[in-house]
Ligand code: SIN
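Only one chain is included here, represented as structure tokens and corresponding to the form predicted on its own.
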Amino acid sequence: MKFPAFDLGQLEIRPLDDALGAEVLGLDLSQPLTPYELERIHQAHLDHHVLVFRDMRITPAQQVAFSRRFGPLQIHVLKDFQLAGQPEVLVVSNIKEGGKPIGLGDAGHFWHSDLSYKDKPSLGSMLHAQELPSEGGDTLFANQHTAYEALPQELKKLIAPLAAEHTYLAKYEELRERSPWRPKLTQVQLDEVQPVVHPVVRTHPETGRKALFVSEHFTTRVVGLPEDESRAVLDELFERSVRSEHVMRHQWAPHDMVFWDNRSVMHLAAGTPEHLRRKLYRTTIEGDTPF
């Protein structure tokens, strides 16, 4: 299907896919944005959920400054992988230097919404490509609004009043077994990621649109249901939430920066061959308590 492009002076919003996503063209994020440009980006983010800014040759400080235009930033619990001198930036990379990883190498191994394990999960995340592999390294995004809307009515009715527990620790030891360099969490870090409870179906605070808000990475149980029933409900929602009709694949190009709405989508790293280098910088914007 072909989509219309919206030409807003030099700024162009070009939809990418049936499921979600749009390119943002004709914009230089190293320069100050006009209120009009910022509002158009904000609206496009709400409309398309995933924005791809092409050929963004910006510094980490400029990425942080742009991210802050949308809200306060959140700092990841694994502070080992902060960018030196820029703690708001999480290094996502499989590169090792001196035998040690320079970044979080298995970020996005499971479908998830960033920081859903916090009282105030992320509004959105920005990921800026620094070094890309010659193959692999794609990122998948799944539209949780259309996933919810496609559910059978009886399932919608069942989950409408339900809430679920989210915890950063859900898959942490499994990931440590896969990647022994993942650090054992200190008590201070454990205190920072205590389990939280959020509605299974959340309402977007800006658009009012409903979306599924559970993930295989961070959601452990449905509150108030017996374990077998909880598992059955979550397994069905996990399967339905990432069906192909709800998913877009982003194939990274040099200097791409992707800005996605964690209230609307989940994402997954499709994987990079171990012998190929990949490095990206991530910033994360604080959102609201889901309702």
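All residue numbers refer to positions in the sequence shown, first residue = 1. Everything numeric here is computed off the predicted structure, so don't read it as measured data.
Below, we refer to the form predicted in complex with the named molecule, which is not included among the displayed structures.
Listed residues 22, 19, 11, 269 were compared with the named molecule in the model of the complex; 269 is the one with a heavy atom within 4.5 Å. Checked against the named molecule in the model of the complex, the residues 164, 123, 212, 127 give one hit for a heavy atom within 4.5 Å, which is 127.
Note that among 166-174, 198-206, 150-158, 101-109, the stretch whose heavy atoms approach the named molecule to within 4.5 Å in the model of the complex is 101-109. Contact check for 45, 67 and 285: none of the three has a heavy atom within 4.5 Å of the named molecule in the model of the complex. Contact annotation for residue 92: at least one heavy atom lies within 4.5 Å of the named molecule in the model of the complex. Under a 4.5 angstroms non-hydrogen atom cutoff, the named molecule in the model of the complex lacks residue 146 among its neighbouring residues. In the model of the complex, no heavy atom of residue 88 sits within 4.5 Å of the named molecule. The closest non-hydrogen atom of residue 139 lies within 4.5 Å of the named molecule in the model of the complex.
With contact defined as any non-hydrogen atom lying within 4.5 angstroms of the named molecule in the model of the complex, the stretch 38-54 contains no contacting residue.
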